[in-house]
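Below are two forms of the same protein chain, given as C-alpha cells: structure 1, then structure 2.
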Structure 1
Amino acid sequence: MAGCSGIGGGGGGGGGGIDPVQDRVTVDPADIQEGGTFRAALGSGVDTFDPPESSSANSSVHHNLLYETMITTDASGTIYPWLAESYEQTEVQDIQRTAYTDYMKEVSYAETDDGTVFIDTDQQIVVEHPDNPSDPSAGDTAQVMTVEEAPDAIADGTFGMEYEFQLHEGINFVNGEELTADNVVASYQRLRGSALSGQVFDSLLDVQSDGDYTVRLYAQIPDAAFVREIAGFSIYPTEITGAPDEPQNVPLGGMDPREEHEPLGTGPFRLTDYENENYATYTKVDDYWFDTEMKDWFDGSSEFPNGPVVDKVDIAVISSPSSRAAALQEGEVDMARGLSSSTLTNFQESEEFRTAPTAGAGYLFMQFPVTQGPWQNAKLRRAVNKLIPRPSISNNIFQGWENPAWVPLPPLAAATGTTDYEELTEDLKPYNTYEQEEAATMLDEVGEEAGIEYPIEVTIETNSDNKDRVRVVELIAQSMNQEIDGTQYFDVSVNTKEFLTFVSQLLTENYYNKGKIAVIGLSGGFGPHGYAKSIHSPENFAQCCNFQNIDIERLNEAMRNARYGVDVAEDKELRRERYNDVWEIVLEENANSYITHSTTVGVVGTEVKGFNSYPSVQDIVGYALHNPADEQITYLDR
C-alpha cells in the first residue's frame, strides 16, 4: 500500500539527512545513450490512474510518470520547488480550531446499517469543533466547518498559516494547456471526499489563486509539517477538473483509461498503451517543460539531461515474485522489485545483475481489531506484541533485507522524529523484544482482570502474493499458538488473499468489526508524522490505513501536539521531544505492532546504467529515470 500523501508521504519538515541510497552509482553525462524502452516488472496492476482514489504503492509508480506536484525531494528528503519556482511562508497566526466556531454549522450524526456513526453531510468537512460528542449517537448534532465556509474565514483573517507558491510560467500539460494557478486550485478540490481526503483536511484550510501563477495554501492552524504534507499533491488540467468551484469535468475515480479518460498531467511521460492487469506503456513527452537552468537550486553538470533519456517505459504486471525474477533473468524486463529475500540474495551474488538497495520508507505492521472483544484490551495487545520474533523474521525470512522494527520510526525519518534515535531505541526496545514468559504473565493478568478465557480464536490475514509476508504471518501464528507453561493462549489461523482483493476489503467501513488481525506493508516518507498518523488517525478510518476504527484520544492529542501549533512549528527541538512521547504512547496502546522496517531494492541487468532506488517504492521508476536533485539518471547500454 502507499499510505501517506505526496512526496513519499509521511509529512514532517526537515529531511536533508544522510543519503539512504546504498552504494550509489553515478554516470558521466558524456556516456549517456539516449533511447530505448525501460522495462519494469511490478507485482500488481493499477487500482486507478486517478491518484486521489488510490492507496496502492505500485499504482503510485505509474502516477509519478504522469503527474507532478509543486515540490519534489531528493533521496534524503530535502524539499525543492518543482512546478513552483519558489515558495515561502508569508504569515503564521497562533489560533486554535475553536477560532472557526463562528463559521460552523450544525449537522446531524447518522448511522450505517452496521452501526457506524458518522456526520451526515456530503460536503467535505474541514474543521470539526473540538467539543463535538466523543461517543455520538445517531440524531446527535456536530458543529463543522466545510469547504463552503473556509473562504469566509480566510477573508476575515482567520487561518493558521499562509504559504505563497509562485508557479513557473510556460509549463504545459500533455494536452497542450498551460499550467496556471487555477489548475492547482481545481486539482486540490478534486481531493474532496476522496480516499486521501483524511490526509489532507486534517491540516488544509483552503487553496486560492492570486493571478495566473500565484497560489496560496492556507493551514487551519500552525503546522510544522504543512509544506511536506500538503504541497505534494498532483496537478491536473482543466480537461479533467473543470474550473475552480465548478463541478469536476471527470468524476472522481474517472481519470482512467478503463473509464475512457486518458490520465493527463505535466509529467515527462504520457500513457500510450494499456491492458488491464497486464501492462502499461508510457512514451516520453517531446516538449517536456523542465530545464535545469530554471532551478537555482541545481548545482550539477550543465550536461545533465533535462528529462528522462529513455524513449519509453513499459511496466508489466507479473504477480508471482518468482516469475518476475525469471523475467529478469531471461532479459524480458530490465528491473524488478518485490522479489523474495532469497532471490534478492541470489541476485546480489551474481555478476550479471545488480541489486540497488536503499534504506526504505516502508514497514510491515500488524493491526488489531481494537473495537472487538477481547482486543479492546491494550495489555492483551502488548502481550501479543512480545510474541513476535522480530530477529528471526529479519534474519531467517528476510535474510537481512528488512530490519527489526524496535521502534515505530525508521532511521529514514529520525532527524525530525526524535531527539536521539539511539536513545529512543534503547528506551523503547523492551516493548518489542520477544519474551514468551513475560507475555504469558501479562496474558494471565489480563485474563483474570478482564475475565478472558483462553485460547482466543483469531484469524490473521495478509496478501497471498508475497511469499515472505505469508511466512512472517505463519511464524507469528506459530508463536502465538505455542503452549507456554502448559497453557495455549491463542488458536490462530492464517488466511491469505490476492493483494487488491485484500486491500479493497481493508478499506471497507465494516472490516473493523470482523475481529480479524491484518498484516500488510505500508510506505511512509521522510517525516515522522505519517508513521503514527496513517495507521492510527480516526480521520483515516476506512481510508489508508486505519482499517480497524482506531481512535485513541491520548494518542490523537500527542500527535496533534507534535505537529500543530506555533511552538512546534517554530521550535524543531521541541517537536522532536514531543514525538518521543508519541512513540511511547504508540507502543503502550499497541493498536498496531510494527514488525520490520524495509529496504527498497530494485534489481537490474548489466545493460541498465545509473539505476538507484528511491526510499519509497512509490517512485522507484520515476526517480531512477530522472531526478536532478540527486543528479540521478538511468540509461540503457544496448
Structure 2
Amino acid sequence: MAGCSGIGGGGGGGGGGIDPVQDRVTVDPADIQEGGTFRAALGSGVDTFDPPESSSANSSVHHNLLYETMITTDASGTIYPWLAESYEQTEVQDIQRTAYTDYMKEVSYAETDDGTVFIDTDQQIVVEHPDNPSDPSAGDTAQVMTVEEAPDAIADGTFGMEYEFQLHEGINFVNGEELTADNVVASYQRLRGSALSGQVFDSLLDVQSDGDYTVRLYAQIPDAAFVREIAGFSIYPTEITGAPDEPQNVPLGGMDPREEHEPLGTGPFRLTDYENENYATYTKVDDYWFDTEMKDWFDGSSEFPNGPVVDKVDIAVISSPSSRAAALQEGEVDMARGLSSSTLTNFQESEEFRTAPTAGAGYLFMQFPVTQGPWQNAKLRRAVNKLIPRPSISNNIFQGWENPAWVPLPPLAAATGTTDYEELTEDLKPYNTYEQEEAATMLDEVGEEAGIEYPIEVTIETNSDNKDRVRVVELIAQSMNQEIDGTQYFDVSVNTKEFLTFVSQLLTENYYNKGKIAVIGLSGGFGPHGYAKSIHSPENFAQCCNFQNIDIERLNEAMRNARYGVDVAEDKELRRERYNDVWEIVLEENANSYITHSTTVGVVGTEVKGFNSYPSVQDIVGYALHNPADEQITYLDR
C-alpha cells in the first residue's frame, strides 16, 4: 500500500489510518488483462447525474466514475492531492464567526403558509450572526453575510483559514476543455442554492482563483476538517458551469442525459448508454489524464496502470436483494452488494465467489428519549447500555458481517479521531460489555436515588423492512425484559414501521416527548466529527437524527474544541487527544447506544481479479477499478 507523504500538511489529512479492507487481494501488474465490461448491480438507480442536487449513495457510485475532485483518499481515509498537484495551508487566523459582523446585511424573516419561518433572501447565506433571534417571527430581521460580501471580507484579511491548491496542468475534461482554476471556482459557485449547499457553506467562506492553476479555498473559522469536508466536490467544465460569476450554462439538476445534457467531468469514464431506472453503461476515456509519474506520493510499481483497465462499466438496477444475488449467481453481473447476512455467508462458503469485506462507515444505534421521565437519568441509560448483547447481535444476527460497537468511533475514522484506537477500545469497552449483574446494581442505585419504580414500560421502535434490524431490536427487548435476581426492571415492547414512515415520525417535532426508544442506522465518513455530531448535536437542523433534543453542553463544547480552533487545525495530535475526550463523554452520557459498526461487502465471481471494497458504498465501483493510493486495480480474467 502506498504511503502518505503528508503533502501540504493539510489539517484534514488522515495519515496512517488503519486499513479497513479485510483480506485485501493485490494484483501483480504483469498479470493484468485489459478490456472487458465490469458489470455491477445496485439496488436503486441514479436520481440525478448532477452531483450538487444529489445526496444518494447509489448515485454517487455513478458520479465517481465521471467526475473528479481536487483530492482523493485511500481506503483508510488518508488524503492525497488528485486534480491538485499539491495543496497547503497558507494561513490560519484565530477568529470567530462574529468577525464577519461588518460585512453582514439585514434581511427580513418571512413565513411560509404553514408557519415555517426562514430568512428571505435568494443569495446563498454564508454566515449568520450568532445573535440572530433564536425563535424568529416573520418581519424580524437577521444579520447575514452572503456570498456577495464574502470576497470583501477576504480582501480585508477577514477569514479563518486559507488553503492554496495547485492544479496539474494539462488535465482535460471529456469535452476537450482544459481544467483551470476558473473551472474550480465556477464549480463551487454551482453549489450555491443546491441540495448540498448546507454542507458546503457551514464551513466554506469563498473559493478564488489566482492565475490559471492556483485556487484558494477560504474557511470561515479555523477548522481541522476543512480540507476533507470541502475539497471533495466535483469539478465541471465551462460547458456546464459558465464562467465564474456568470449565469450557469446548465441549470442545477440539468447535467443529466434525461435533461439532454451529457454529464461532463475529468473522470476515467464517460456515460455512453443509459436507460432510466434500468442501467447505465460507461466507456473508458481514451486519453485519460492520469499518470503515476505525476504523483510524487505514489511509491508503487512503475507498471501500475494509469487508469482503469476494463473498457466498460455497466451498472444495473436490481432492486430486490435476492434478485441481485441470483443475478450474480447466474453470471449476469460481476459484482453485487447490499445482500443480507445469510446470503453473504452462503457466498463466502462458495468456491465460485469471493466476498470482499471492508470495515464500513455505517453504524446502528439506539436512541433514548433523554428529556422524558426516567430516561433523563444518564446512569439508567448506561445500565441499559450494559444489557445490549453486542457479541450475540454481531455473531448470531449479522453472522459476523457487522461488528460490536465497543467505541462510538469505527476503525475507519480512527486516524483523526483518537490517539490510539486499541487503547481507546480497551478503555471504553467496559461501558459497552454485557453485564447483567452490574446493570442490576446500577438500576437499583438509580431506583433508590431517583425514586424510580420498576418495571419501566417502554417501546423500542425500528423500521420493519430490515429483518436483521428487527431481530436486533427483539433481542435487546428480550434482554431488557429478563429478570435479574428476581427483579424485572423493564417491560419492553417492540413496534416496527415501514422505513419512511418511521423516519418521518423521527423527524416530527414532538417525537422526543413520546418516551420511545428508537433504533436506526446512519452512515459517517472518514472524519470523526460526524459520528458525534450526527446524533449528539443540537446543531442539526430540525433535530434530524437527534430527535430527542440531545443538548449536553460539555459534549457540545468537547466536539467544538476537537474540530474548531487554531490549535487543533495546526496540531493533529492535539485534535486526536481532544476526540478521546469526546468519546468518553458520549458513553458517560449515553444519550445514544452504539450497537454495531457496519461492513461494506461486495461479492464478486472468480473471473474478477483484484476486487476490494471501499469502506463507503459511494465509491465501491470506482475505487475497485482504479485507485493508485492503495495500488488498487481490478481486471477481468475471461
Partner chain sequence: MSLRRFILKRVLLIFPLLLGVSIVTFSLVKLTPGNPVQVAIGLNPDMGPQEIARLKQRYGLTKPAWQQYLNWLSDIVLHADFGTTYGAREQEVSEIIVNKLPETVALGIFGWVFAVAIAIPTGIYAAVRKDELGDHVSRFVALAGISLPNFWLGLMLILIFSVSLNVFPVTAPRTPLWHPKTLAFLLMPGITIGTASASNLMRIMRSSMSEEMNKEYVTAARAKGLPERTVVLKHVLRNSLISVTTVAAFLTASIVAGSVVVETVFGWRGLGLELIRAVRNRQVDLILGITLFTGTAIILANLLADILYAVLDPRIRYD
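The term rigid core refers to the most C-alpha atoms you can superpose between the two forms while keeping them within 1.5 Å. All of these numbers come straight from a predicted model, not from anything done at the bench. Residue numbering: sequential along structure 1, first residue numbered 1.
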TODO: Can you spot the form predicted in complex with its partner chain among structures 1 and 2?
DONE: 2
Task: Motion between structures 1 and 2 between rigid parts - which of Y564, S60, G360, V126 is the hinge - done: G360
- [ ] Please indicate how large the rotation of the smaller rigid part is between structures 1 and 2, in whole degrees.
- [x] 25
Open item on the list: Relative to the superposed core, report the C-alpha shift of R575 between structures 1 and 2 in angstrom.
Closed with: 3.4
